[in-house]
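Below you'll find only one chain, the form predicted alone, shown as structure tokens.
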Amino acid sequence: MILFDRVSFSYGLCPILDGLSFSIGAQERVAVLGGSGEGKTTILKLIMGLIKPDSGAILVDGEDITIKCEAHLREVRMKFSLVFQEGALFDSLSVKENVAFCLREYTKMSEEEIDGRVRELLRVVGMEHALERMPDELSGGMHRRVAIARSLAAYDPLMFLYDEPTSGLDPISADMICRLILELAGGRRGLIMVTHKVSDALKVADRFMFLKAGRVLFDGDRERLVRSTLPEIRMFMRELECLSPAE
């Protein structure tokens, strides 16, 4: 479904991706790992066409999105559900109105239909009880769940994209978000989860990519990741050692 072919990208004079190449199938569950500034979030923005590469091609279902105009990119974006780390809810709108926003903007549903759809989506993420709450009344985990519901509002995506979905959350909330991510994907939709938390990546993914210096340093399954001797990966794996119960 997604193909990066020698993609390079820089922010000003700061190179981020350097001839990056990989492919991800529509039903794969992939975790993208790496340190800060290694281009993890940049990959998600490139997939959505929110930014364009300096060079290289990005294909979604065989079509190069780097040459598409903004109007045609909307069709591409409808294939994905993207949830950024901060959730990006509208502070002045209630939970209900945040989820309803896309339905009013992109569909011709009646207010009665919108109300039913909003309640259905919030029920899916366990937040129907918070319909009238404002974003500043929500915990971090609740905020993230509402953001996921809103990302699903206007269409039925083929793949989910998550940018650090458990960052800043307590272990219980993080585990809840991981379970929700798996439930939404089910057996028919893939996901890409950008994260620096190996423990959460292992809960949702079966393929792991590790970025370093703008390229893929590692690409493999759970067993290969855990057994990797690469120093950069071993540093990340120390998180699991810290979480292991003391003998």
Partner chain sequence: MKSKELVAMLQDFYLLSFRGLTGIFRRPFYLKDTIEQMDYAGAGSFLIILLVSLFIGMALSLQLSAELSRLGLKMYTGKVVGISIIREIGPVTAALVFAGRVGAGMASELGSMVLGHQVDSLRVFGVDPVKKLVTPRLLSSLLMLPALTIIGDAVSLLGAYYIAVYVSHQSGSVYWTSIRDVLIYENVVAGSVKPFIFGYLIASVSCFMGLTTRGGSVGLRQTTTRAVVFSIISIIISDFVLTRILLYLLGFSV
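In this text, all values refer to a predicted model and were calculated from it rather than measured experimentally. Residue numbers count along the first chain shown, from 1.
Beyond the structure shown, there is the form predicted in complex with the partner chain, which is absent from this document and is the topic of what follows.
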When the partner chain is placed as it is in the predicted bound form, which of 197-205, 214-222, 49-57, 26-34 ends up with heavy atoms within 4.5 Å of it?
49-57
Counting only non-hydrogen atoms and a 4.5 angstroms cut-off, does residue 45 reach the partner chain in the predicted bound form?
yes
Just to confirm, residue 82 within 4.5 Å of the partner chain in the predicted bound form by heavy atoms?
yes
Heavy atom to heavy atom, is residue 74 within 4.5 Å of the partner chain in the predicted bound form?
yes
Tell me, yes or no, whether residue 89 is in contact with the partner chain in the predicted bound form, where a contact means a heavy atom of each within 4.5 Å.
yes
The listed residue (109, 124, 130, 102) that reaches within 4.5 Å of the partner chain in the predicted bound form by any heavy atom is 102
